[in-house]
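Let's start with one chain on its own, the form predicted on its own, as structure tokens.
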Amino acid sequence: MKLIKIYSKITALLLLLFLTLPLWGISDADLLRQADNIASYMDADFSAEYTIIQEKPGQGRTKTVAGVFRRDTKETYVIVIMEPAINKGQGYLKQGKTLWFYDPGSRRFNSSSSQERFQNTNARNSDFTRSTLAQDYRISSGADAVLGSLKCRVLSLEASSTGMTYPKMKVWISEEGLVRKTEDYSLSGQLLRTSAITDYWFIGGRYVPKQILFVDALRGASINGTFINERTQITITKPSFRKLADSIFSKTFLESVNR
């Protein structure tokens, strides 16, 4: 009888251990690092065209088209606005932790922040750089979940230091290590924004989101008695991993775009 009880306890412990691990058998910390690695291109430069549709209830849609150039090994990116005409030539230059915004009208560079809204949309400047979740956040909990037809691991994250765009996050990561959904929270736990990535390009062994949808939890308007949230959809086309000229990642490049 004692032996049976011992075996029963061992079986229960093994079952508990199995249930607390992700279905695909790696730790939450390794899964988060994997998601970062997939969303970062440390072995190549990256460029693409981003079409950004902002929907404000009661105010209609606005469209912004931008060229995005990244060199993740140097923690740098450049964004050039191509549409609408009124904003054409505006640009952003990130070098490490420093972010500049260039206004061709005044021909001046002004200091900006990764936390600021990108062109007054629901996207943030920090959404255009490589992923560093494992570096910037600690995991407070994890659980298995199903998102549509996808088996995911949901990780609850808390910022390791001040200065993060969002102090708390929840991240849905599928079995391939791809981020499929995020929820961004304030320090008090107020939901601020939800994002979703339903599909990815697979190019040269690398993944690139096809579309990213951001839904603002707080901003919107009541239409016929129903609150409609602001939302921004980014469609990414023409992704490329060809080598970019060093001169692109400079203030001189942004100035030259308008000449």
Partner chain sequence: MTARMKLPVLLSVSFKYLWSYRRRYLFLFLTLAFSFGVVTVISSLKDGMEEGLYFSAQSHYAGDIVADGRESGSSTDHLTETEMTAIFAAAEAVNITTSSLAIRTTRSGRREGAIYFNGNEAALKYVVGVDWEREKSYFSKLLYTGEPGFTDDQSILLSAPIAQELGARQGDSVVLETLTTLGEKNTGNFVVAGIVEDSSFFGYYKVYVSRLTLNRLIGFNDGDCSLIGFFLPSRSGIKEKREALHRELSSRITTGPLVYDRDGFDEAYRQIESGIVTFLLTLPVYLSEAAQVMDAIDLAFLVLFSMMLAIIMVSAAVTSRLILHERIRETGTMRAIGFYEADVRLIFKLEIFTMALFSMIAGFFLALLINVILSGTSFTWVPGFEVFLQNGRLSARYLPGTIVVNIAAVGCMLGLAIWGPIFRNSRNPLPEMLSGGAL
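All of these numbers come straight from a predicted model, not from anything done at the bench. Residue numbers count along the first chain shown, from 1.
The same protein also exists as the form predicted together with the partner chain; that form is not shown, yet it is the one meant from here on.
Residues of just one listed stretch (99-107, 154-162, 83-91, 70-78) have heavy atoms within 4.5 Å of the partner chain in the predicted complex: 154-162. Although the partner is absent here, Q115 is a contact residue: one of its heavy atoms lies within 4.5 angstroms of the partner chain in the predicted complex. Of the heavy atoms in Q135, none are within 4.5 Å of the partner chain in the predicted complex. With a 4.5 Å cutoff on heavy atoms, P209 does not count as touching the partner chain in the predicted complex; it lies far away. Residue contact check for S186: one or more of its heavy atoms lie within 4.5 Å of the partner chain in the predicted complex.
This chain lacks the partner; the member of L192, A48, V65, A196 within 4.5 angstroms of the partner chain in the predicted complex by a non-hydrogen atom is L192. In the predicted complex, the partner chain lies within 4.5 angstroms of at least one heavy atom of each of the following residues of 213-235: L218, R219, G220, A221, S222, F227, in sequence order.
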